[in-house]
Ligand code: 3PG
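Just the one chain here, laid out as structure tokens, in the form predicted alone.
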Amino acid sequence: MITYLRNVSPSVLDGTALLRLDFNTKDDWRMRAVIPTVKFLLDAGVTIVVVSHRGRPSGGSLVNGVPTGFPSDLHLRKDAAKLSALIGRRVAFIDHFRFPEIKERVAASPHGSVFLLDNLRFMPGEERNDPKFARQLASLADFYVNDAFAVSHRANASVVAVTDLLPSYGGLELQDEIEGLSRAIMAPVHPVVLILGGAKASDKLGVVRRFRSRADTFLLGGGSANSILALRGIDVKESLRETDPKVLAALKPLARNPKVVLPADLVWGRGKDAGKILDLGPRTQKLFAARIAAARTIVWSGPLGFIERAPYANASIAVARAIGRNKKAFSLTGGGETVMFLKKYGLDKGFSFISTGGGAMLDFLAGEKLPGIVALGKQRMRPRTKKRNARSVA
């Protein structure tokens, strides 16, 4: 069983928290989602060492513990400034990985101090789930909190191995993720409608299998629809679709499934985009909106068109608006691309729950065991009773 911060009295939390967050988005929406956890820990008077990542760094190296030669936009200094503004407290950015020095600095700081380490993926041990690197991280803190659902499907050192070394908790946002996504799986209210878009149908196969008997309708757009249309013998020309024979074989049952609703009309590109399906037409938008209006549980993953260009965002906008109008349904979505799109058009408030995860959300809905969640459930250590001196943030 996972022990969540929400179920713990702040009075038992002592010392320093190693807090795993995920800032891997173009704006700060994931950061904003975890502010309640940060404030919970600060209210308990603990010091916080935040660890996170951005992108997939390559081409750099460590020189005396300092990340050198990596793209500048993958460093987290700006994230420290953003987090500081959101919590109204200074966040000290640590631009090196000399752990003995970091440990001394944290230990000497007033209670309630907040630190942010640079991009964990600059360290090769992070993605290898290296126990040695996990021990270095664990040396900085007295207990660990995972509030990074979006990366909990990765067996990384800061997500999995570290839980063997410190008393570990699930953060407030992580608890909301698990409870919100579970609502769509355990006892969904029918009719259940799944809306599947995005570039790759293969990413959605696990969810389709899990919801084969749970869902009443599958509405398909994007590369998912193109792949099924091609399997049904429709010429999609140069449109984005699956071509891997193994993936196509796995998609054949979906192509025959009577619950699947495919586009009734399509929007084709022009000029250099001629021969490509880039959006769904007005008849399809009305067809999908009618199914959504009757739904009581709605899950949406992936845009339905080439939303990077405004003329091809119409179907995704229409679907989001239809979901917002249905006040009787429990609706959820997630994934960076979809969420950023919704926020751009001010449509995010129409959903009951928005997951901070993309791949993690899909894996969870598909019934996969997320390594970070499993690790939290297995650990047995618990924080010590609070004992601290009078040192505190001025």
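Owing to the predicted nature of the structure, the values given are computational and were not obtained by experimental measurement. All residue numbers are counted from 1 along the displayed sequence.
Just so it is clear, the following notes concern the form predicted in complex with 3-phosphoglyceric acid, a form of the same protein that is not shown.
Among the residues 349, 56, 26, 327, the one placing a heavy atom within 4.5 Å of 3-phosphoglyceric acid in the predicted bound form is 56.
Out of the listed residues 251, 184, 151, 160, 151 is the one that sits within 4.5 Å of 3-phosphoglyceric acid in the predicted bound form by at least one heavy atom. Taking non-hydrogen atoms only, residue 359 approaches 3-phosphoglyceric acid to within 4.5 angstroms in the predicted bound form. In the predicted bound form, at least one heavy atom of residue 121 sits within 4.5 Å of 3-phosphoglyceric acid. Contact annotation: 3-phosphoglyceric acid lies within 4.5 Å of heavy atoms from the stretch 143 to 151 in the predicted bound form, the single such stretch among 172 to 180, 199 to 207, 143 to 151, 268 to 276.
Shown here without 3-phosphoglyceric acid, the chain has 22, 24, 30 in 8 to 38 lying with a heavy atom within 4.5 Å of that partner in the predicted bound form.
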